[in-house]
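This document opens with one chain alone, in structure tokens, the form predicted on its own.
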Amino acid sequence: MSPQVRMANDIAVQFQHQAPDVAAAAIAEHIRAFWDPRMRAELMRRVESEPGTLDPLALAAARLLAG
């Protein structure tokens, strides 16, 4: 598992108490605000190649980032 996937999944755990759409938006905002663009790009590559390794909330957040 890549460090970016592990980190996104760890962040997702912190937001699991929220409604899924709210949590995904918060995770996406966190990644947008604090991750280096290279880290976001690597996460997006992993989303394309290994979507099953991501927590569903982290995957939803990544899709928000892509959109």
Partner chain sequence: MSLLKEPDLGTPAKPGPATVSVEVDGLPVTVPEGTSVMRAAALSGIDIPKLCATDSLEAFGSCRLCLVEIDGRRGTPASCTTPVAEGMKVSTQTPKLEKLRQGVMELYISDHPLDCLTCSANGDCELQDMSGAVGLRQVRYGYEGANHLDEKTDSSNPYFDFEASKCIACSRCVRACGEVQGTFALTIEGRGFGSKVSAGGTDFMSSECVSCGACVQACPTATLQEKSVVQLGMPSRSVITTCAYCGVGCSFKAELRGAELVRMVPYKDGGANEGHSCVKGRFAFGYATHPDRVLTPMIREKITDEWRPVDWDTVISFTANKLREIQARYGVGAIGGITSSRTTNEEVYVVQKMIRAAFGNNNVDTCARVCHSPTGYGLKQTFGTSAGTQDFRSVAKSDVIMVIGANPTDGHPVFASRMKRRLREGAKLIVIDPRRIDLVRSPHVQAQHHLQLAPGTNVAVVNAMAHVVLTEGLVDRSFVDERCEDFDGWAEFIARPENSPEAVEELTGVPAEEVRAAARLFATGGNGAIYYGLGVTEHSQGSTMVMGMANLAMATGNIGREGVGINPLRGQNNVQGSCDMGSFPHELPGYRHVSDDVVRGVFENMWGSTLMAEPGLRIPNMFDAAIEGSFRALYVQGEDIAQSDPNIKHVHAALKALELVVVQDLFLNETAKFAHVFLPGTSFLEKDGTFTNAERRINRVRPVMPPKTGKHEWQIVAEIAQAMGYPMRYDDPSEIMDEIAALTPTFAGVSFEKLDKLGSVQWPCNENAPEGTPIMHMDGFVRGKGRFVQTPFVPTRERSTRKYPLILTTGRILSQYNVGAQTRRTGNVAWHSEDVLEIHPHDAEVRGINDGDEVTLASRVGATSLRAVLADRMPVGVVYTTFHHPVTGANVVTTENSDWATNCPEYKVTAVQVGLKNSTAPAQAGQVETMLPAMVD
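Positions refer to the first chain, counted from 1. Just so we're clear, the structure is a prediction, and the values are computed from it rather than from any experiment.
One more form of this protein, predicted in complex with the partner chain, exists but is not displayed; see below.
When contacts are judged by a 4.5 Å heavy atom cut-off, V47 does not count as touching the partner chain in the model of the complex. The closest heavy atom approach of A66 to the partner chain in the model of the complex falls outside 4.5 Å. In the model of the complex, no heavy atom of L54 sits within 4.5 Å of the partner chain.
The closest non-hydrogen atom of A41 lies beyond 4.5 Å of the partner chain in the model of the complex.
The partner is not shown here, but in the model of the complex the stretch 26-59 reaches within 4.5 angstroms of the partner chain through a heavy atom at H30, R32, A33, F34, W35, D36, P37, R38, M39, R40.
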